[in-house]
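There is one chain below, alone, in structure tokens, taken in the form predicted alone.
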Amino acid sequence: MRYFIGNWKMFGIPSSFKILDKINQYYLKDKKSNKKYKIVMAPPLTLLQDFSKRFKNKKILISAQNSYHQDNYGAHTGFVSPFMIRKLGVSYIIIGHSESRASGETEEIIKNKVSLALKNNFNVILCIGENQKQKRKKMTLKTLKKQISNSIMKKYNFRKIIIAYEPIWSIGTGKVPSHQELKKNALAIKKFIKQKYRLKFNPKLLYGGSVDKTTVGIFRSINELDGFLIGGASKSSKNFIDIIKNFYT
């Protein structure tokens, strides 16, 4: 099973459901969809309640983009707990995106968010990635292993966790890792997780960073990838559908 997960970031108004309607129509017509892939969309917080109701009985799944690192209710003006989001019927959540890390999220905060998301029965999409400086100093794998180790405890259910490898230097730049580089990193990430957390199954791993209808073809033969976390291209139904089409061409 592969995943095509769209992250809308700060985009979308109530009428933007039309984008998902078109994607859902394609998904229903595509004979490969039931067996081969899932579509998950992460609109902004303002649209979660409407979209989760609108697509409740449809094929597209809805994800939150983030949550606060404390649960239930509290005196935290402007923040929303994972408990509150889960009550909307949302089943996925993105945690640890590089943009959130750049805004001040520490690994301790991310660890708390992962813990609370799992407590509330979310499927967690945990983002990891190295910056240009770390890549240049050949610290990619060291960085990724540290981010994983500091965010996930051994007691966690890895069947509810999807790792999204997003090189920071690739996001929104049009630059992507070479086929060989990405395959090497994907293998190393999966091997590390399997050994460290003593898994008897392969963890799910996505790639994100300048994924579009052209670059997705580069990754088609990397069997270690279980799908993609898609940014800008997910805001257009045509561009998103073209990614799926080109992947399965």
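From 1 onward, residues are counted along the sequence shown. The structure displayed is predicted, hence computed values, not measured ones.
Note that the form predicted in complex with ligand PEP isn't included here; everything after this is about it.
Q: Name the residue from Asn185, Ser210, Asn66, Ser52 that puts a heavy atom within 4.5 Å of ligand PEP in the predicted bound form.
A: Contact residue from the list: Ser210.
Q: Please tell me whether any heavy atom belonging to Ile230 falls inside 4.5 Å of a heavy atom of ligand PEP, as the geometry stands in the predicted bound form.
A: Although ligand PEP is absent here, Ile230 would touch it in the predicted bound form, with heavy atoms inside 4.5 Å.
Q: Report whether the minimum heavy atom distance between His97 and ligand PEP in the predicted bound form is within 4.5 Å.
A: Taking the distances in the predicted bound form, the answer for His97 is yes, it comes within 4.5 Å of ligand PEP.
Q: Applying a 4.5 Å heavy atom distance criterion, does Glu130 contact ligand PEP in the predicted bound form?
A: So Glu130 does not count as contacting ligand PEP.
Q: Taking ligand PEP as it sits in the predicted bound form, is Gly172 in contact with it (heavy atom to heavy atom, 4.5 Å or less)?
A: Because a heavy atom of Gly172 falls inside 4.5 Å of ligand PEP in the predicted bound form, the answer is yes.
Q: Using a 4.5 Å heavy atom cut-off, which stretch among 145-153, 112-120, 162-170, 84-92 contacts ligand PEP in the predicted bound form?
A: Result of the contact check: 162-170.
Q: Of 1-25, which residues get within 4.5 Å of ligand PEP in the predicted bound form if you count heavy atoms?
A: Residues within 4.5 Å: Asn7, Lys9.
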